[in-house]
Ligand SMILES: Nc1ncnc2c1ncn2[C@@H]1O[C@H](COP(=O)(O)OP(=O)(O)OP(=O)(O)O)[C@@H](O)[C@H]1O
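We begin with a single chain expressed as structure tokens, specifically the form predicted on its own.
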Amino acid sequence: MLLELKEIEAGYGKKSVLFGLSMNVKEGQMMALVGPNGAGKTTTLRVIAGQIHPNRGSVLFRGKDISQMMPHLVAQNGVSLVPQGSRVFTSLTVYENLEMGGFQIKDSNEFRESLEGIYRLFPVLEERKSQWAGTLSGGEQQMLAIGRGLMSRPKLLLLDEPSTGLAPKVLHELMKTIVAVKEKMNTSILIVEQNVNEVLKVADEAYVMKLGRIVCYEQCAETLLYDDKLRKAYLS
């Protein structure tokens, strides 16, 4: 097991958002985390990434408890979060954004290999490496955000709503690329996504959240697409 969340309770100040949340992600897996707005999906990712420390419970990554680690130490341990909204450094070039993602890499050969891997996944980023990130299209900025998150060669990539602001055709191509990340870079993925029709087609397994709790787990994610009762209750 790559990631284990055990009885997590967390929130913001006095406001609780997660209530006894437990879930797992296996090595080499793409796990979808879906549910209605306000379910606590983004908060879950922030807990894993060390941005929020749980009040109770533990986050185990490769057997190590990381629940009270600072975010940069969580990243050093192999977890990378790509937040919602294609957050790139608009006043930096594409290359400089990727360079920021690889700031922890000290070996120049390792940095070059990581960069070349990103360019193979996203050829458009190599074509536009000298271009200001703020001038990229929405889809290209999302690719850049994911590429930056992959520069450190994480074992687990956390993706928060990668479809935000993207046209359906662009989203479809992005999902295919996310699958390639898992298969070609040996990176496990936990993806939060409102567009359930797209994400459940490509994810291996899925958890459904509602009001800070896991209400359903499905070993075949695509099965959820055809469960009318579940869709009406939690996914619509």
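These numbers were taken from a predicted model, which means no experiment stands behind them. The first residue of the shown sequence is 1; numbering continues from there.
Absent from the display: the form predicted in complex with this ligand. The rest refers to it.
**Student:** Please determine, with the chain shown alone, which of 65-73, 196-204, 38-46, 173-181 has non-hydrogen atoms within 4.5 Å of this ligand in the predicted bound form.
**Tutor:** Answer to the contact question: 38-46.
**Student:** Taking the shortest heavy atom distance, is T90 within 4.5 Å of this ligand in the predicted bound form?
**Tutor:** No, no contact at 4.5 Å.
**Student:** Verify the contact flag for V17: yes if a non-hydrogen atom of it lies within 4.5 Å of a non-hydrogen atom of this ligand in the predicted bound form, no if not.
**Tutor:** Yes, V17 sits close enough to this ligand in the predicted bound form that at least one of its heavy atoms falls within 4.5 Å.
**Student:** Flag T135 as yes or no: does it have a non-hydrogen atom within 4.5 angstroms of any non-hydrogen atom of this ligand in the predicted bound form?
**Tutor:** Contact with this ligand, no.
**Student:** Looking in the predicted bound form, any heavy atom of E140 within 4.5 Å of this ligand?
**Tutor:** Output for E140 is no: heavy atoms all beyond 4.5 Å of this ligand.
**Student:** Just give me the single entry in Q84, Q131, Q104, N77 that has a non-hydrogen atom within 4.5 angstroms of this ligand in the predicted bound form.
**Tutor:** The residue from Q84, Q131, Q104, N77 that makes the contact is Q84.
**Student:** Who in 145-181 is close to this ligand in the predicted bound form, meaning a heavy atom within 4.5 Å?
**Tutor:** Result: E161 alone.
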